[in-house]
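Coming up is one lone chain in structure tokens, specifically the form predicted on its own.
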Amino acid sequence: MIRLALFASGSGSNVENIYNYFSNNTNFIISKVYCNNANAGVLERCKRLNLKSLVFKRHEFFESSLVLKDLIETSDVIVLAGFLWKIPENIIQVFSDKIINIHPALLPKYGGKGMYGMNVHKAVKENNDAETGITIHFVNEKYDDGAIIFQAKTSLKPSDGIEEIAQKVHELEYKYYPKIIEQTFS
């Protein structure tokens, strides 16, 4: 059985989608949800879904081995699901090629520090892009720079606002992320 650690900073909609996808899968289990925001909506989802969670502070993530030790005990694979901090090098080394992320754009476009969520969709709109999408990639020491595993596209109309762009991207995330997690680590 492959134990998935899910990292989230916000509402946790992708966490719940991944949970629902794997709920009847005997090859995967969500071992724990890791969160850097004590007020994040994902923690309420964890309670409702009966998922274990660990909330940590910046210094516990970057300056101690608290999170890494917990990951080693509980998890085989790390899945970033709306997690906004860069992963420390000590975790990347231990979980080499076992950390994946989903980005709400077609990398290499609109990647890097500060390019997440609505910031990405706003940039897509401002540049009048005819399409956008998602990129699922391995995580390395740089933001949005790891090897690409999968991309999916959606077309945009000039009349699409930022909210419509976000909705189209979320639909791709929900449709593909759990499937690609399963394919990548089976």
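These numbers were taken from a predicted model, which means no experiment stands behind them. One-based numbering along the sequence shown.
This next part talks about the form predicted in complex with a small molecule, which is not shown.
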I102: heavy atom within 4.5 Å of the small molecule in the predicted bound form? yes
According to a 4.5 angstroms non-hydrogen atom cut-off, is G82 in contact with the small molecule in the predicted bound form? yes
Is it the case that Q167, even though its partner is missing from this view, gets within 4.5 Å of the small molecule in the predicted bound form, heavy atoms only? no
Going by a heavy atom distance of 4.5 Å, is S13 a contact of the small molecule in the predicted bound form? yes
